[in-house]
Ligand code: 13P
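The chain below stands alone, shown as structure tokens; this is the form predicted on its own.
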């Protein structure tokens, strides 16, 4: 897609997330890779009221070039892209269920949500680490996000929310949505004797669907 089309798609998908309650107020940010840089949502902007022409444009070094000032969490996106050359887009939300799981103190920090459905594995992946808590906007979390992203295309920031990457903007948004639904299932079934997918079943899904 050309840049104009990419800008319009980002605005459309962001509004869809906002209108369905995946983001509230000015929470959350989205970025997408371009041939010669990146687009990212502006700081203190609502995902439901973005304007395509005002999206922040960054160069390949993540320096602000044009548009409104970028999200204060540019470093979060930079960490994901540098760890994952395959990532074409990054979505960070404060969606309720995923954030709720990120607040739990008794889950496995390397796999807080079990593989309950094939779609979770197909869209989110095998690994979903929890990154320790940092104050929002604190660039000190960048190395921790980078380290987690080396082995995972999605993660939960403790007491903060999910960060998800994808091979396209549409895929990254779909993965963020699937993560929220997986978190909802996990919380609904918490305390029950669940039947999670086996390691062999997960391996098969990743082999077939990548």
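No experiment lies behind these values; they were computed from the predicted model shown. Residue numbers count along the first chain shown, from 1.
Heads up, the form predicted in complex with the ligand isn't pictured, but that's what we're talking about next.
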Check your understanding: If you check 27, 174, 52, 144 against the ligand in the predicted bound form, which one has a heavy atom within 4.5 Å?
Key -> 27
Check your understanding: For the chain seen here without its partner, which of 181 to 189, 56 to 64, 43 to 51, 146 to 154 has a heavy atom within 4.5 Å of the ligand in the predicted bound form?
Key -> 43 to 51
**Study point:** Close approach of residue 78 to the ligand in the predicted bound form, 4.5 Å, heavy atom
**Key:** no
**Study point:** 4.5 angstroms heavy atom contact with the ligand in the predicted bound form for residue 123
**Key:** no
**Study point:** 4.5 Å heavy atom contact, residue 129 and the ligand in the predicted bound form
**Key:** no
Point to revise | residue 118 within 4.5 Å of the ligand in the predicted bound form, heavy atoms | key: no
Point to revise | Stretch 70 to 95: residues contacting the ligand in the predicted bound form, 4.5 Å heavy atom cut-off | key: 71, 72, 73, 92, 94
